[in-house]
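Before any questions on binding or motion, here is one chain by itself as structure tokens, the form predicted on its own.
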């Protein structure tokens, strides 16, 4: 069964909007507007993932990308300026690194099966034993929980560790605490000499 033409058009439209949004964000100097556009970018990405039948990833992108990340960026803007610094001279090395990385990533996807291919490994490999044996092996009534907590336990632990580390990093960056000098002199005070 092939994908309906309407779905393809919606995917193409969402990808075009994602591309337009990211280019607009990169060219902006108003940081508040750029933060708002990153939230829109996350919602567009969540919609795209939902169309690709990944509602769990779409929900996470909407909650984390558009919700928490936007809130944290707005909180950071409250501690900094709202205008970006004027651009410095063009440096070609970062552009070369990004283009080379993009080429490697595209090359890595060339042998992937087409979207919706029923003979793809993902559709043929997960055998029904996950459904039939998970209750006896794991003894959890929910199959999704059994798969995430046991069969994919290390993956879930890694994702949780990444989220915890990011949260701790953000808390450390946003704390507003003055450090006390060792010799009793405030390093931020202006010298009178």
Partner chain sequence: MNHYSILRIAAKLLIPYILLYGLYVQFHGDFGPGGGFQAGVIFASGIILYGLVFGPEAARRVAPAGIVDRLIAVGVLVYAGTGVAGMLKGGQFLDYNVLAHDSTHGQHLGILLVELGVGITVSAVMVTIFFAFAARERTE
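From a predicted model like this one, the values you see are computed outputs, not experimental measurements. Residue numbers count along the first chain shown, from 1. Heads up, when I say rigid core I mean the largest set of C-alphas that superpose within 1.5 Å between the two forms.
Absent from the display: the form predicted together with the partner chain. The rest refers to it.
J.: Using heavy atoms only and a 4.5 Å cut-off, determine which of 40, 163, 52, 33 is in contact with the partner chain in the predicted bound form.
T.: Exactly one listed residue reaches within 4.5 Å, namely 163.
J.: Does residue 72 reach the partner chain in the predicted bound form if we count a contact as any heavy atom within 4.5 Å?
T.: Looking in the predicted bound form, residue contacts with the partner chain include residue 72, since a heavy atom lies within 4.5 Å.
J.: Look up in the predicted bound form whether residue 130 has a non-hydrogen atom within 4.5 angstroms of the partner chain, and give yes or no.
T.: Heavy-atom contact with the partner chain at 4.5 Å: absent for residue 130.
J.: Hey, in the predicted bound form, does residue 78 get a heavy atom within 4.5 angstroms of the partner chain?
T.: Heavy-atom contact with the partner chain at 4.5 Å: present for residue 78.
J.: Would you please decide whether residue 146 lies within 4.5 angstroms of the partner chain in the predicted bound form, comparing each non-hydrogen atom pair?
T.: Close contact exists here: in the predicted bound form, residue 146 approaches the partner chain to within 4.5 Å, heavy atoms only.
J.: For residue 163, does the CA position differ by 2 Å or more between this form and the one not shown when the superposition is done on the rigid core?
T.: After core superposition, the C-alpha of residue 163 moves 2 Å or more between this form and the one not shown.
J.: In the predicted bound form, do the Cα atoms of residue 18 and residue 170 sit closer or farther apart than here, given a shift of 3 Å or more?
T.: It is farther: the C-alpha separation of residue 18 and residue 170 rises by at least 3 Å in the predicted bound form.
J.: Closer or farther: the C-alpha atoms of residue 145 and residue 61 in the predicted bound form, versus the form shown, with a change of 3 angstroms or more?
T.: Closer, not farther.
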